Every structure is written in C-alpha cells, then in structure tokens.
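Single chain ahead, written as structure tokens, the form predicted alone.
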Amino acid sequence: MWGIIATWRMAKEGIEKAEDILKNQGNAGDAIEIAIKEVEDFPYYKSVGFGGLPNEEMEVELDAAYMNGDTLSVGAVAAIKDFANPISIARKLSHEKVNNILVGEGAEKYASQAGFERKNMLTDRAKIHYYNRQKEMLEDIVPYDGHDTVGMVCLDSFGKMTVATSTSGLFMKKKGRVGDSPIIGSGFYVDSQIGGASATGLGEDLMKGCISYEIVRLMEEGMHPQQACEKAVFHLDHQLKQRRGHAGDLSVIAMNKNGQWGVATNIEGFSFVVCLPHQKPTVYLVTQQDGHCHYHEASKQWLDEYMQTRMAPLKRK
C-alpha cells in the first residue's frame, strides 16, 4: 500500500511526479521532496517558492519543513531568501544531529555552504501584485493575503511515512514573520507507526492548537483520519471564536499508516489532491454541511478556470 495527499489544487502536478516514484516502490522521502519542488518551481503559484508573494519590504521570505516518520527526524528553514528549493534544504537539515531548524541569515549560510542553488525568487509578476496591493492599502483594504501553504503526507510501499510543507507565508507580512508551516506539531507532524497531518491557513491561529500533532494523536487513539481532522479543526475553531471572537482559516489533510485519509476546513473553497494505487491524482473540493466536511471531485471546468485565473496577464493599477 502507498499513497499521498496534499493541500490545494496547486499540488497536482507534483503529486503526479510522486506517483511515478511510489508505484515503483520508491522512497517516501524522495517522492514528497520532488512533489513539493514541483510546486516551488512553478512561478504562477503566488504562495509558494518562485513567484511567491513578498513581505512588506518586497522581499520573498520562504518557510519549509520536512519530517521522517520512521526516525521522527525534522528539518526546517524559515524566513530564508534567494534559494530555489527550501524543501530540499529542510530535508538535508533533517539528517543533522543538531541545528535542525535554521532561520534567516543562518539558513542562507547553511544552504550556500551545502551547495544549494541560489536564485532571485522575486518575479516581475509578484512585483505587480505588490504594487497593486500597496495602492489597495491606501484605500483601507486589509493587507494580508495568500497563505496557501502546500503541505503533503506520503506513505510508501515499505510503510515509511513523510510529511513536508513549503510556503512564502502571508503576503505583505512583517519582515521575519514565521507562521505554522515550519513549526513541528503545528504545520506538520508524522509518525510511521500512526500517520501524518499537515495544515494550511492562518498560521497564527493554527499554531494555537498544535493542530497537526493533535490529529496524529487522535489517530493514535483509533480515530479514522476524517474524524480526527474534523474534531481537531472544529474544536480549535470553536475555542478561538469563544475566547477571541473569531477564528482564522483552518484547513488540514491527513493520512494514516494504512493509506486511509481525511480532510477538514472551516472555510469555503478548500481543495486538495489524493493519489493511491487504485486512484490517479485527483483534485477534490470541500464543503461543510451538518457539522461535517464533504468533498467531491473538481469538474474539468473548475480545473480549467483555476489555471486560467492564476496565469492571466497582470497590469499595475
């Protein structure tokens, strides 16, 4: 048995590459890294990697994390600039005995010494988004946007599980801001003896519930991944609204050691991708009804419109 699940439609092409590895008895670490890199390298996804939207100083600061469910080894980078594939740097860090999480200048120094590719991650398209948003902010529009982290959980034929995340974080964030994506237990967690989970949404709120670890804990108690995802999301959503009056976007995906999977969200419009031995990479859309999350396969029209919207020409306002 093998399988892989990921947040958002943008993961589909990466999942297709992972499928080629997994169906040929490849390693879950290789599969998930290649899948994440595919998203990082595509310039039209404005919340991850090359083409990711910048902070308030027009700098692209990237966060990424990797975890091995066999050894519980973790590697992560945060607020790293000018490197092409932060997920690969995070995976390498997971092999170190110490210094597994590096940020900013320290992460960049490590990546340079390790021979990772330097690259200016700020695209002309991202600059247009930036200048347009500056103008909107003068009109009192909320500055923050674009927190669609790509997160994946992977299971290979040998029972090894991995989890990985990558994001450029909130658009127009403060310099040095770090969300949940590179934080173990919040943006990601995996244990090959149980399962794994990953989150996307408003990191400041996702971290308040250590939500990925909570989902894995619930699966360990015997919950199906779908039940675990729903319980974790709706409980945190309720707690935040009760104590603070509101809750940010909370969306999660999970898979257990048997290849069973689940998703949950407190927003409309969440999409995800799943691939299993008997199922080609498939995009699903999530809806909420009667206190539960339901999903249906995305139509060809929806898929076409998704790419057309993201690749449409931009003009400065």
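If you're wondering where the values come from, they're calculated on a predicted model, not measured in any experiment. So that there is no doubt, residue numbering starts at 1 and follows the sequence shown.
Missing here is the form predicted in complex with a small molecule; even so, the following discussion is about that form.
Enquirer: Of 170-178, 81-89, 240-248, 68-76, which is the one stretch near the small molecule in the predicted bound form, taking non-hydrogen atoms within 4.5 angstroms as near?
Expert: Checking each option against the 4.5 Å cut-off leaves 170-178.
Enquirer: Check for me whether the small molecule, as it appears in the predicted bound form, comes within 4.5 angstroms of all of 212, 216 and 255 - heavy atoms only.
Expert: Verified in the predicted bound form; spot residues all out of contact, no.
Enquirer: Within 4.5 Å, heavy atoms only, which of 154, 232, 197, 206 is in contact with the small molecule in the predicted bound form?
Expert: Flagged contact: 206.
Enquirer: Could you tell me which one of 184, 103, 202, 223 places a heavy atom within 4.5 Å of the small molecule in the predicted bound form?
Expert: Spelling it out, the residue with a heavy atom inside the cut-off is 202.
Enquirer: Would residue 149 show up as a contact with the small molecule in the predicted bound form if we use heavy atoms at 4.5 Å?
Expert: Judged by the heavy-atom cut-off of 4.5 Å, residue 149 is in contact with the small molecule in the predicted bound form.
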